[in-house]
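Quick heads-up: it's one chain on its own, the form predicted alone, in structure tokens.
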Amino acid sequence: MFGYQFLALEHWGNAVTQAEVAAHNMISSQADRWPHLAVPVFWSTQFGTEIKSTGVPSVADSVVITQGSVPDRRFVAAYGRQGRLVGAVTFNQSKWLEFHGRQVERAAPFPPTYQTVDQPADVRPVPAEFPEAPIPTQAATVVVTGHDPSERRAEFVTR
């Protein structure tokens, strides 16, 4: 979903999801095992503002406000990379997080083409301008091969 990258997702929700998949795979036959394909989600409350995120916004090259108002501190920001939705962040708009998570999961187009309630008059993407990361996150450095969990291998790809 995110360029075959290994991602460090340091939120307890991701750990719970990984544990569920691991437990299922330990007690299941090889044919019934699941890959870990959950869309990352995190949330936090900071200074009275509820912030929730789905996908991996930090890999985006563009961002657009799809709902609400930034000055009112109540909005949804959708993040895209190369014409595909890769993440969304909500500020005091958490009821929309599940919807956007499903859009990320199905690789919806970016900028979003769907109509929403409370949509700003000007829905125009701008560059995301994330700082360069000290470790590779923008291109694949590891390729995961195999379609069966017991056959999956990680192979380092040199640049």
Partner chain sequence: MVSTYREIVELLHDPRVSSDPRNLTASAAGVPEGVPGLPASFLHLDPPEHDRLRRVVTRHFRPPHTPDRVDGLAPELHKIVGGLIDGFVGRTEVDIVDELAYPLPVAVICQLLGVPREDEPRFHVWVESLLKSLDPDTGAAAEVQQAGTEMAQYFSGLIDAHRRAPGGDMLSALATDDGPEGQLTQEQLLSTSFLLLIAGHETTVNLIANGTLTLLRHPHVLERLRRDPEMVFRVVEELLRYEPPVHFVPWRTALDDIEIADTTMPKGSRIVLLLAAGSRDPDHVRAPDRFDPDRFDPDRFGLAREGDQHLGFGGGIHYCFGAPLARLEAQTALGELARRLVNPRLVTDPPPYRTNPVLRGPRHLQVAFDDIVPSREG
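Numbering follows the first chain given and starts at 1. None of the values given here were measured: they were computed from a predicted structure.
There is another form of the same protein, the form predicted in complex with the partner chain; it is not shown, and what comes next is about it.
- Stretch-level contact analysis of 42 to 50, 95 to 103, 28 to 36, 57 to 65 against the partner chain in the model of the complex, using heavy atoms and a 4.5 Å limit, identifies 95 to 103.
- When contacts are judged by a 4.5 Å heavy atom cut-off, Arg81 does not count as touching the partner chain in the model of the complex.
- Using a 4.5 angstroms threshold between heavy atoms, Ala121 stays clear of the partner chain in the model of the complex.
- Contact annotation for Tyr114: at least one heavy atom lies within 4.5 Å of the partner chain in the model of the complex.
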